[in-house]
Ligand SMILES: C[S@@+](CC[C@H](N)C(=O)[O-])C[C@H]1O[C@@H](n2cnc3c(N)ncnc32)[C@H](O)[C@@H]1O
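Consider the single chain below, provided in structure tokens and representing the form predicted alone.
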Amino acid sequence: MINRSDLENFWTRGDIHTRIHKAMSEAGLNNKKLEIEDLFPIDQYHARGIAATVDLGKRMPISENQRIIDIGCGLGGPARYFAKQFKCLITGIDITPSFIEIGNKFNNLTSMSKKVSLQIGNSETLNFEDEAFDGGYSQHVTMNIKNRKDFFLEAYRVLKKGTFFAFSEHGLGPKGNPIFPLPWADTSEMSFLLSPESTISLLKEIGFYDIQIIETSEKYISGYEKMIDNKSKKDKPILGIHVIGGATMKERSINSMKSIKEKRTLPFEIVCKK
């Protein structure tokens, strides 16, 4: 069982506050009002970055002023994008305190605090009333959830009837056993992958319906290749997920790309209804 301290250490990789402050200073972004776009290189902490967030957003039927939950919000980058794009209200929860602290600071810097609220929370025991939200989503979180049924049950519980739930993840591929360390796990003790078939079966069991799935392997291979190529150049970008992921981010990204190519993992997106 991974405790909260170990989780915090895994995700922050040391003094994340100092690394972000230094990178933003070098990029000329400290102590000034920002647009959310200024933070895209650093606050979209998942493979493919903002492109993955935009793709998922195109599949989510969000309307203006709806209240949406982001389960596993990280630094809040996707939440700020969706709040601005759809003129909706986002409540984000994440188990990593440093991510929430930095994410709310980013909300202030981008004048998004009235649209986006981030708080510490556990995805398997959401601290919200039944049917509190008009929709929900999660990006690259479920790979770390051992009790996937509780995760989906809680998402189902807090959503109103007739609404949607969308998520993206790296599923278990036909060859199985990914190569560690990975962006979401240093060892198998932190990684709990399910096949797309098992995931769909579990969603149906809980009560979700109209389950639409899109495989995204080629997009992620391309995304990883671009990321790794950038990091091999002398003039690597100041801002990027390497600032969040620390010194081992390149190795973990390479392993994730290899795992997809060797069909050990299979990235996909799902949108379903309650």
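Given the structure is predicted, the values throughout are model-derived calculations rather than measurements. We number the residues from 1 along the sequence you see.
Keep in mind that the form predicted together with the ligand is missing from the display, and what follows is about it.
With the partner left out here, check for me: in the predicted complex, does some heavy atom of residue 171 sit within 4.5 Å of the ligand? Residue 171: no, not in contact with the ligand in the predicted complex.
Since only the chain is shown here, I'm wondering whether residue 73 would be in contact with the ligand in the predicted complex (any heavy atom pair within 4.5 Å). Yes, residue 73 is a contact residue.
Would residue 208 count as a contact of the ligand in the predicted complex, using a 4.5 angstroms cut-off between non-hydrogen atoms? Output for residue 208 is no: heavy atoms all beyond 4.5 Å of the ligand.
Can any non-hydrogen atom of residue 96 be found within 4.5 angstroms of the ligand in the predicted complex? Yes - in the predicted complex, heavy atoms of residue 96 and the ligand come within 4.5 Å of each other.
Answer with one of 191, 123, 117, 163: the residue that has a non-hydrogen atom within 4.5 Å of the ligand in the predicted complex. Contact residue from the list: 123.
Which one, 91, 199, 107, 139, lies within 4.5 Å of the ligand in the predicted complex by heavy atoms? None of the others qualify; the residue that does is 139.
What I'd like checked is whether 11, 46 and 144 together line the ligand in the predicted complex, meaning each has a non-hydrogen atom within 4.5 Å of it. Yes, because 11, 46 and 144 each have a heavy atom that approaches the ligand to within 4.5 Å in the predicted complex.
Please identify, from 155 to 163, 199 to 207, 174 to 182, 73 to 81, the stretch that has a heavy atom within 4.5 Å of the ligand in the predicted complex. Only one stretch passes the 4.5 Å heavy-atom test: 73 to 81.
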